[in-house]
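One chain comes next, on its own, written out as structure tokens in the form predicted alone.
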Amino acid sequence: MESAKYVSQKVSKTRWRPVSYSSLQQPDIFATGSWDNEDNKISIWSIGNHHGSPGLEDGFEGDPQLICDFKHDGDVLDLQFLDQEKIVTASSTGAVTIFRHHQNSQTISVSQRWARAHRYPCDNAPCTGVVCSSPEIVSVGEDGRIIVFRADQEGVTRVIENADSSTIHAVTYLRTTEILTVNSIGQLKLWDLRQQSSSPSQILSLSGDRVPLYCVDRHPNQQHIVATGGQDGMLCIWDVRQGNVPSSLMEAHSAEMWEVHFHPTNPDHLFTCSEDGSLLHWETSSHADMPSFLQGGRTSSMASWGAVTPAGGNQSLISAWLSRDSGKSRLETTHMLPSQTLSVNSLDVLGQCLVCGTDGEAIFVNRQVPV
């Protein structure tokens, strides 16, 4: 079941509000941010049942309904939920802001703001990405800075001043104390936040071409596996323990890849979206997870796939994403959207629900993602 909602603004970011996994509920609230509009805003939407909710437009059940919105200074370049109520945004003005969604009154207010977190000596520098592990927030920017904040403190916890001489485009947590950044010259850098050093603990890069990388996501169960995408539309899978080049490269899109996301609870599924107007669902079948008696015959050779077994590790920990021989990797790709012409800027997936936002001023919601 898919619904499209036209929202008369270009949607730059879209994220589901987290749900508690124990409750097995499907997500029903998501947030969006806009860009390249005269007045940008962040908006909260619901796809739940609206029995007499105030101020909601008429619409079919399951259609996204706007609950509330709030003006945002500058383009929303990233947006993440800190918890059930708080949303952190990265702005083209260089600001990092925490907004609070008040669920009783269905209003939004600014909870905290670091106005010129990212800046050049005489101008603002866009804040390009944020990642949260409550109460900690890490932001990156065009100024090559990495900044660590705490939601419960007004000051800045830590700044790595010259973390990068080029633009840092995105950041993710690798572990509780380690982050990974990607930059405009095709490098991934690992940072250990326990170290006071201002240099990365590891640098990985695409050999040869310095293709800007725009997005990164970490495998939810195997923290050494990350996926990146960038200007050339290629999907790269990396094993940060093995060497400094990607384990596998796949032709994904014909233009810039803006976001990549592993499914948070079923990481054999991965999703990418692009400037080329497409949203792809990638599915790999991991034969290593099959009991050995099912692996007889032709599939037995697929179990190892050239991936290196971790030292002292167990064969079933080898991810199908690290296959170097994609001829055997049974990777299936599905287009998730009707033919699009304008950029798909952002996507998020949780449970069986997927949401994406486009430059065509539309939000698409699919509530039956086959994962």
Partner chain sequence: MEEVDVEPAVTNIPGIRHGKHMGFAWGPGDILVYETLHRASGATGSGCSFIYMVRKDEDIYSPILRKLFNESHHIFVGLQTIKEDLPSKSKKPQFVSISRNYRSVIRACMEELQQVAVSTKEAEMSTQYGNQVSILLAIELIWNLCEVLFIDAAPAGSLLLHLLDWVRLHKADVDEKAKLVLQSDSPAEHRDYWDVVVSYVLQGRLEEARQMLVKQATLRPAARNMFKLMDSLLQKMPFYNPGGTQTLTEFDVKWRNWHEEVDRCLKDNSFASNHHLELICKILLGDEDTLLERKELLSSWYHFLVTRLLYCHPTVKPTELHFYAQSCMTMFLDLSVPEPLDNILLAAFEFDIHQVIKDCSIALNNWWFVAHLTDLLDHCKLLQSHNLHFGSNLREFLLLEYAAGLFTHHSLWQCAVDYFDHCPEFGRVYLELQIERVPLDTERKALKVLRICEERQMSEQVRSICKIMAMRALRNNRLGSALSWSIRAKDAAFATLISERFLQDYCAKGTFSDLDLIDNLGPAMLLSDRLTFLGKYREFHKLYGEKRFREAAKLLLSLMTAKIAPRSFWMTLLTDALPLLEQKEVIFSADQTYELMYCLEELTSSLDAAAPGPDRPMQEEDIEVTKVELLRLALARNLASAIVKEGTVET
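None of these values were measured; they are calculated from a predicted model. Residue numbers count along the first chain shown, from 1.
Although not depicted, the form predicted in complex with the partner chain is the subject of the following passage.
Heavy atoms of no residue among 28, 217 and 366 are located within 4.5 Å of the partner chain in the predicted complex.
Mapping the unseen interface onto this chain, residue 360 counts among the residues with a heavy atom inside 4.5 Å of the partner chain in the predicted complex. By the criterion of a heavy atom within 4.5 Å, residue 342 is counted among the residues contacting the partner chain in the predicted complex. In the predicted complex, at least one heavy atom of residue 167 sits within 4.5 Å of a heavy atom of the partner chain. Heavy atoms of residue 250 never reach within 4.5 Å of the partner chain in the predicted complex, leaving it off the interface.
Heavy atoms within 4.5 Å of the partner chain in the predicted complex belong, among the stretches 219 to 227, 100 to 108, 251 to 259, 130 to 138, to residues of 251 to 259.
If you take 73 to 111 and check each residue for a heavy atom within 4.5 Å of the partner chain in the predicted complex, you get 75, 77, 92, in sequence order.
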